[in-house]
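Let's start with one chain on its own, the form predicted alone, as structure tokens.
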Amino acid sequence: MTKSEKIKVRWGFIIFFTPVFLWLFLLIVLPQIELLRMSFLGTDFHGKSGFTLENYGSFFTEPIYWLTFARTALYSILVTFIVLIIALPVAFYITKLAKIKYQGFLMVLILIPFWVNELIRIYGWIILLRESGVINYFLLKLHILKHPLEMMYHDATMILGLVYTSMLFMIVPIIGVMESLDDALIEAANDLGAGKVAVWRKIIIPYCMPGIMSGSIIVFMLVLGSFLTPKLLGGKNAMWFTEQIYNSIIIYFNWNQGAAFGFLLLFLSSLIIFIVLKLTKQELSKVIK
């Protein structure tokens, strides 16, 4: 490569990298640094601010905060597991059973709902599930119910909405890995007398583990940090940790405590992911490829 070509490559890299760097630094890195600084600030009786760990300490001293996080984390793990159980057969059907000419069409069907804003999709579920909604209307018309059934503002409804809004982010990584799985391995296992459960347990799941872990991390983080779905489908009893952050910043104007809770959410969720990776003996470098 000549000197002039190296200069062109260097300038090309600078031109394309600069907007990305500015985007990441100004809108992500810089605000996070400021929030981290604010999380260690407190105000005394004289109105002076100084370094303190009180914002973090309140999370552990007030049961409502850590119990809410524990509930959020457990439900996030449950949603991730449910999404995984649904995504595995869907990905297998698209990659191994469906005809090639239909695979693209099936993927479009999965993608179409996510072309619509999340708020609109949640309101779609509200229209279906509320007392005057579509499901209750047909159940009453068919005389299956005598009175409308209240299906909104339950944990089951909230989980349903979270599963629906995060399904794509599990299916796509698994499909990306499962496409490279040699069909001959499955055929050989069947010829040797292995059952369907054994094929899934010994061949398909271990091979797709990087995609499974990648999708699980994405889904877990998205669900853990979700706000709209628990708020609208779970109602005031949803007790989601992001609502605690929202209340601290927006309602109580306590930015310092809200920032501390935000970083606690990031740290504790990262810790959970680290533990899961260790238990499953997966390397993060392989998962995020």
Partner chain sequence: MEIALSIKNVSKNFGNFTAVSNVTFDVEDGKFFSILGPSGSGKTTLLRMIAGFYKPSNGVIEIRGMDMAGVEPNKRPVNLVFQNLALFPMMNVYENIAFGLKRRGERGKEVKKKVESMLERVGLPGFGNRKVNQLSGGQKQRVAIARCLVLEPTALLLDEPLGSLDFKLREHMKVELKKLQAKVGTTFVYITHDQSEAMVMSDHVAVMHSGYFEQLDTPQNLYNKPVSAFVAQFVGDNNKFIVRLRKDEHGRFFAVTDEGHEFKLDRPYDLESSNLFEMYVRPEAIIINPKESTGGINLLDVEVKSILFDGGNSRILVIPSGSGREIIVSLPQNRKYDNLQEKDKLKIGWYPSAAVCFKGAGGKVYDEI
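Numbering follows the first chain given and starts at 1. Because the structure is predicted, anything quoted here is derived from the model rather than measured.
The next section is about a form of this same protein that is not shown, the form predicted together with the partner chain.
- Proximity to the partner chain in the model of the complex, defined as a heavy atom within 4.5 Å, singles out one entry of Phe81, Phe114, Tyr207, Tyr137, which is Tyr207.
- Think of it this way: in the model of the complex, the partner chain has a heavy atom of just one of Ala188, Ile126, Val90, Leu106 within 4.5 Å, and the residue is Ala188.
- Of the stretches 90-98, 155-163, 139-147, 199-207, only 199-207 has residues with a heavy atom within 4.5 Å of the partner chain in the model of the complex.
- Mapping the unseen interface onto this chain, Leu192 counts among the residues with a heavy atom inside 4.5 Å of the partner chain in the model of the complex.
- In the model of the complex, none of the heavy atoms of Leu119 sits within 4.5 Å of a heavy atom of the partner chain.
- Within 4.5 Å of some heavy atom of the partner chain in the model of the complex lies at least one heavy atom of Ala184.
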